[in-house]
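Listed next as C-alpha cells is one chain, alone, in the form predicted alone.
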Amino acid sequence: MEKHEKTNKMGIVDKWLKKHSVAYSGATRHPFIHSIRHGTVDLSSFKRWLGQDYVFVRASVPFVASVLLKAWKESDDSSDVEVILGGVAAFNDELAWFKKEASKWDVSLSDVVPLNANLRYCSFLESLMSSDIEYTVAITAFWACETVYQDSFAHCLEDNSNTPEELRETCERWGNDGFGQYCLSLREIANRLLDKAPADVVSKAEVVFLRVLEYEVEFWNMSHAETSGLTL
C-alpha cells in the first residue's frame, strides 16, 4: 500500500505541468511541430532547424556535463550520476546523427551561423553552469529541455499523424519510448529533489522551467520563420 501511494503521489514537477499547461502546450504543440505531424512542413524550415539544433546540441554538452558534476557533488542518491551519465554518453551518437542527416539534406553544418534565438538559449544554459546554481535547479532545466523534445516529436509519431516518411527517423530519435523513459527518470530525480528543497530553490527552479519553455518556443519560431535571414 505504501509503495502504491508513493507511486501515485503528485510531485512538484507534475503540479507545474498542470499549473502551466498552456505554456507547456505552447512549447510541445508548436506550429512547427504541427507542420511535421500534418505533413505540411516547409523543408527549408526543417533544414534550418537541423542546422541550428546541431549548434545547440554542441553547446549543450558543457551544460549537461556541469549537471553531472553537480550531481556527483550534491546528490543524495548515487544513481543520479548514472542516469545523467547516460545523457552525456548519448551526445556523441547524437552529433554523429546530425552529421549524417545534414549530409542527406545537403546542409553544410560548418556554414551554420547561430541565430539570435539559438544564441539566447545557449547563453541561458551557460548561465546555469555557475557554481551558484543549485543541482536541483540545474536538473530541472535538463529535464525540461529533454522532455519538451520527447513530447513534441512523440506527438508526430501518433497513429493519426501524417508525418512524412523522410522525417520519421528524426521524430523517432526523440519521440521513441526509450527516450521517454529516460525523461521520466530525470523527472523522478527532479521531483525527489524539489520535494526536499527549500522554498526559495523551488521558486527558482519553477522560473527556470518556465524560461526553458519560453526558449523552446523561440527556437521553434526561429525554425518556422518564413525566411532564413530572420534573426529571431
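If you're wondering where the values come from, they're calculated on a predicted model, not measured in any experiment. Numbers follow the displayed sequence, beginning with 1.
Not on display, but discussed next: the form predicted in complex with a small molecule.
- Taken together, the three residues Glu94, Cys145 and Tyr149 all lie with some non-hydrogen atom within 4.5 angstroms of the small molecule in the predicted bound form.
- Only one segment in the set 48-56, 187-195, 23-31, 203-211 has any non-hydrogen atom within 4.5 angstroms of the small molecule in the predicted bound form, and it is 48-56.
- Residue contact check for Phe63: none of its heavy atoms lie within 4.5 Å of the small molecule in the predicted bound form.
- At a distance threshold of 4.5 angstroms between non-hydrogen atoms, Tyr135 is out of contact with the small molecule in the predicted bound form.
- The closest non-hydrogen atom of Trp16 lies beyond 4.5 Å of the small molecule in the predicted bound form.
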